[in-house]
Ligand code: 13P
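In the form predicted on its own, a lone chain appears below as structure tokens.
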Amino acid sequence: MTINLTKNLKYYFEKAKREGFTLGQFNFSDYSQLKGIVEAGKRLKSPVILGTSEGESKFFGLQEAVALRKVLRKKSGMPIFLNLDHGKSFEYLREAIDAGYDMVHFDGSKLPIEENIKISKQVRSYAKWRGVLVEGEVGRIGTDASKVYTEKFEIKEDDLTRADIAKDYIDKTGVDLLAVSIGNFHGIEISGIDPNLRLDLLEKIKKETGEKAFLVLHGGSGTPEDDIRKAIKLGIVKININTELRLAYSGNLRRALQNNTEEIVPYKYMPEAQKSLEKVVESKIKLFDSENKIY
């Protein structure tokens, strides 16, 4: 069966909602990571969303990310999409849109809700006429994705997404997707298992917002698989994975360089780091049930 590459990202979100699976967003900051994500998606015939945070995109380059996504999409024949993750300003998201990103995420969660709504509307207005999807965020998702936590991460009740505010935000901004704070956070506790999601809260948010926007779960690394499956049933159509990829990739590199201190040829030790990342991506694709969903 031939893959129709004219189908856009919204088509796959609608397909995910209709068929009960979720799309994985996998973040990268170098080419071997990017290639590994695409290879895993290709093997399992799964659409994939490539993610770059502001920091990752500034290191890699906005235009470079778009150019390589185009090359790999053409070469692989796969539905591969690109999202600017956790953009903090309209100006930077405009740069990503102009560069050719398929989707942008405005993270105004630390702003007063009125300011969050104001900038979200501005981003949505600019993106709409360029065919770019916009993800917004209400509630604060606990974060420091730069490390693995050494102690239990405490979720503050005030940081969780309120269903009524989520509805009001979507109504006023018209965003396509909404990232919610339901006990999830960026990073992983030292135990390797993050606190259980507040699935009761997710159910309330879904009931309140209805079909107004697709719901997104950030901080998917370390979340119990049973919670993931339940969250998908409750309407989550995109789950972001980053920390588990970083741990697999960097851990493999450390071992390779420690075991062979004289090795100086990157193309000899980088492929194994890429393969370790691919294994994580494959496991998530299977968990998300997005395997064989490219048609």
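Note that residue numbering follows the sequence shown and begins at 1. In this text the structure is predicted, and so the values were computed from the model without any measurement.
The form predicted together with 1,3-dihydroxyacetonephosphate (13P) exists for this protein as well; it is not shown, and the discussion that follows is about that form.
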Indicate whether residue 101 is a 4.5 Å heavy atom neighbour of 1,3-dihydroxyacetonephosphate (13P) in the predicted complex.
no
Is residue 136 near 1,3-dihydroxyacetonephosphate (13P)? Define near as a heavy atom within 4.5 Å, in the predicted complex.
no
Is it the case that residue 85, even though its partner is missing from this view, gets within 4.5 Å of 1,3-dihydroxyacetonephosphate (13P) in the predicted complex, heavy atoms only?
yes
Give a yes/no on whether residue 221 approaches 1,3-dihydroxyacetonephosphate (13P) to within 4.5 Å in the predicted complex, heavy atoms considered.
yes
Options 34 to 42, 66 to 74, 238 to 246, 260 to 268; stretch whose heavy atom lies within 4.5 Å of 1,3-dihydroxyacetonephosphate (13P) in the predicted complex:
238 to 246
Pick from 183, 187, 79, 108: which has a non-hydrogen atom within 4.5 Å of 1,3-dihydroxyacetonephosphate (13P) in the predicted complex?
187
